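Presented below, as structure tokens, is a lone chain in the form predicted on its own.
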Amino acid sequence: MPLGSFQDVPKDLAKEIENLEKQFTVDTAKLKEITDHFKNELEKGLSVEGGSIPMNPTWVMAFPTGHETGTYLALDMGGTNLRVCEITLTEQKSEFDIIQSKYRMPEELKTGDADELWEYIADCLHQFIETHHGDPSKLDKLPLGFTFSYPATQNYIDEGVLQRWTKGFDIDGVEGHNVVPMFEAAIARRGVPIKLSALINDTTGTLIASAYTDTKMKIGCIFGTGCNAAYMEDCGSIPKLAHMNLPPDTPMAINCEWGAFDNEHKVLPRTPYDVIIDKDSPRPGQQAFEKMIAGLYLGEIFRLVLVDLHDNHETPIFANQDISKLRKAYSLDSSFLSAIEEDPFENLSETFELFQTKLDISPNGPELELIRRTAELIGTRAARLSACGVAAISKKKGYTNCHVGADGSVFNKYPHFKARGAQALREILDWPEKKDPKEEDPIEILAAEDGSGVGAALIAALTLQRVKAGLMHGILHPENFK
């Protein structure tokens, strides 16, 4: 926004804007301090003692070459949909064919009985195979990669012990248990010709799928409702796996689960609004980083700022208006902020209409300016903080020139998120200014390939490949790979 456009803002709101700018702006020195602490915390997560960031080994032990072939199924169990894909990795390098179907995840299953959930999934798989292959009873077993994007402990690639349900699921008798036998029992009962080759997290899938089509990809990230990253580590740098006696240069994909960075509140610049979000969340003290950068929370930070400026300010914003709709927690999501930032009109008429229709509030000119600036500050802070994680992995691994594959609604849809993140990386890593604006950055964050579909199929392929080569680390059921 041109600087001149704030000259119409009355002095008191200009003071409020200035105050918000102080609270939400993260300067270069702070970005560097966060990145250095982040790098140390990543290392701590790999140590025997562990740390806040789980740094889970995934037993995905190679990047794809692009020459993988074969037909694989992928199952993606998300919060809203169940997606089943059949992926054929073709003879052409780095190319694939995909057919897929989506099935709605019925709300009542999310809090129902475990058997009902697994039976529903088995039914969907049966239907998919019948549609595309005819009678399932006449088929050889197809290898399946299962994207199970809930926090799980994996001592093997073909098992996953659910740590806790997220995304609105709350089914008794699953937390603390290996989900694979439950899934396999249901498909056996239904007569579905499938053998589970790998249970994966969508972030690891994003890394592997992106690396399949672009060999410069070294990190996979999700910036969506939640946030996460995965990258390839050397086993020699993972002290908590030392007892396995793996060759030190063996690669191992690590699912960071980095939303938990700085749960101790040592370095992230939290505002009073961030403190409220954490205090009122279902799990206070957890996911500190995620609560400042993920889509689930951006709209809520914004809402808390506006309520505060109405309630606790000498000249309140939205004076003499009913703000009861604005008082409803989590009623604004990140798309609300996107719409404000995308408003192309000098007088912010689209923002005015948005407030009228969604909140029954009619902001005046100065209030609209404040609304716009607040959205920019929250969106910019999220993008700049997220760059610290990418920079920390890059510094830890000594990457000076690579691609990062990113997915998720905030990365794909939030205005200026990519450019703001790129600018922050430039500041943290001290890159010189570009001579040509078209020139690529040394570390470029690009849109990722489909991690939960193609990524899951590739990981199934890579796992079968290494079992054939006799590398049995992290395989619980070798008989499924014959």
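Numbering starts at 1 and follows the sequence shown. What you are looking at is a predicted structure, and each value in this text was computed from that prediction instead of being measured.
Although it is not shown, the form predicted in complex with alpha-D-glucopyranose (GLC) is what the next lines describe.
Checking Asp274, Asp158, Glu257, Glu369 against alpha-D-glucopyranose (GLC) in the predicted bound form, a heavy atom within 4.5 Å turns up for just one residue: Glu257.
Comment: alpha-D-glucopyranose (GLC) is not present in this chain, but in the predicted bound form one of Pro269, Gly299, Pro151, Pro136 has a heavy atom within 4.5 Å of it, namely Pro151. In the predicted bound form, alpha-D-glucopyranose (GLC) sits beyond 4.5 Å of every heavy atom of Ser94. At the 4.5 Å threshold, heavy atoms of Ser210 stay clear of alpha-D-glucopyranose (GLC) in the predicted bound form, well away from it. Looking at Thr166, you'd find a heavy atom of it within 4.5 angstroms of alpha-D-glucopyranose (GLC) in the predicted bound form. Using a 4.5 angstroms limit between non-hydrogen atoms, Pro363 is distant from alpha-D-glucopyranose (GLC) in the predicted bound form.
Only one segment in the set 181-189, 308-316, 335-343, 220-228 has any non-hydrogen atom within 4.5 angstroms of alpha-D-glucopyranose (GLC) in the predicted bound form, and it is 220-228. For the partner-free chain shown, Asn201, Asp202, Thr203 of 189-209 come within 4.5 angstroms of alpha-D-glucopyranose (GLC) in the predicted bound form, judged by any non-hydrogen atom.
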